[in-house]
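Just the one chain here, the form predicted on its own, laid out as structure tokens.
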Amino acid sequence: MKRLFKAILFANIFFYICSSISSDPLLPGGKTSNEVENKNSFSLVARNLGDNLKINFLVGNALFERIWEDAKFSENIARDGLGPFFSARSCEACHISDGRGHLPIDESDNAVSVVIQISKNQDSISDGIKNLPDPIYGNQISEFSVESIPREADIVINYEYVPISYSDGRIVELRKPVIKIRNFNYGDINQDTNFSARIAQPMIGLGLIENISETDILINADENDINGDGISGKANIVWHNKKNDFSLGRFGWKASQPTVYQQTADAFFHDMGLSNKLFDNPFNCTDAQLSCQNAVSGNSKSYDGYEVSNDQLDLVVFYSSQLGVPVRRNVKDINVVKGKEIFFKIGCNSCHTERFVTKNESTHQNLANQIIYPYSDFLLHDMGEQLSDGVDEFNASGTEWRTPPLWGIGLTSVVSAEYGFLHDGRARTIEEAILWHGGEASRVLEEFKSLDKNQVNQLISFINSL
């Protein structure tokens, strides 16, 4: 009996030790986490991926960085099919070093890491459409096109500046982008069509997010604010192309994509004009854009009848799913410790949920049973009219946005010299991003504005440690 008792006790102690190690908040991505602090911080393979699969990661990375070409002039069948309209020639052009995009600095700057989504308002999602396209220009304005095809329009982004005050009188000047679309080449755009600038998001941890169970995400939803805390997280229920049914959205600024696979296929088609298994039309243009419809197609029998073959798509999805998350830094620094206390005290964690555990079963077993710290609930929240873009996506309104994960955010400036925060990159700093919060976050914003300068710096030190 004593031996049995000792065995059980030893097993419990061993389980506790292992659980403590695996749940170390220093490792936001669980066993995928990488200890690196340089330009490649967002670009490393998940640390626990088997060596036999790393070749797939490397090939996927090469495809992610590949510069695609116009089918009319390309002699390389593996690279042709770009456009006719496109926002960038490669995935890497927007997701710079797998990190954030940014707004143009001035009118001479190329807006390559930002896209302009367009949509008319919609009342329902019953037809499985993400948003209502403009009858001439579709769902996205592309500033670039292949040779001999007129581009859709010119995009100019200017800025307005808005002062905001802390309780003690300190003033911070916030930057607001103003989008101007000029020189429409295919006719006037519908007067009811709204524009939304969207910068590219970091690529880290996508596979882990996909492996959080729907139940664990939905348990935090409180659409009618039953608990009365002013926070009413809402799930976006979106169209799942492969299932041919609705499913939980978890990717994109408005959580309008259900999987890494669909997000990747959508970006290939809408951002680069590359047909694939989910979007088989080689021409990413409307029926009204006749010159675009008559362009040279890059569809090839050698590539499953598309411009991006099934294997190529799978490899980019694998790469995107297996990017590890950087470890935290400076966690014992007194300002970081105090900042975490403030983060929870003023209620930032009401939306930025600290911890999840991924599912037991996964297509990629290295992503299963991982204790992770993304600091997001992956739900939609009303952020107020100041952040509204007037573009609905499924059941996300213009004012509603998915809570972005915060892991790795402190390495943003290390990864890229140019970057922005929030959906349109308007915030140049974490402080500015917080000060733009409204809607459901209004109470938290007032708490933040009542902090003194030292407390603000402590809170930002904590966020930078994530």
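For clarity, every value in this text was computed on a predicted model and none was experimentally measured. Note that residue numbering begins at 1 and tracks the sequence as displayed.
Although it is not shown, the form predicted together with ligand HEC is what the next lines describe.
Residue contact check for residue 340: none of its heavy atoms lie within 4.5 Å of ligand HEC in the predicted bound form. Contact annotation for residue 202: at least one heavy atom lies within 4.5 Å of ligand HEC in the predicted bound form. Remark: residue 306 does not count among the residues lining ligand HEC in the predicted bound form, judged by a heavy atom distance of 4.5 Å or less. Residue 198 belongs to the set of residues with a heavy atom inside 4.5 Å of ligand HEC in the predicted bound form. Site annotation in the predicted bound form: the residue of 373, 283, 239, 253 reaching within 4.5 Å of ligand HEC with a heavy atom is 253.
117 is the sole member of 117, 289, 145, 211 with a non-hydrogen atom lying within 4.5 angstroms of ligand HEC in the predicted bound form. Residues 248, 278 and 322 are none of them found to lie within 4.5 Å of ligand HEC in the predicted bound form, as judged by heavy atom distances.
In summary, the region of this chain contacting ligand HEC in the predicted bound form, judged by heavy atoms within 4.5 Å and restricted to 219 to 227, 360 to 368, 84 to 92, 298 to 306, corresponds to 84 to 92.
Of the residues in 332 to 370, those that come within 4.5 Å of ligand HEC in the predicted bound form through at least one heavy atom are, in sequence order, 343, 346, 347, 348, 350, 351, 352.
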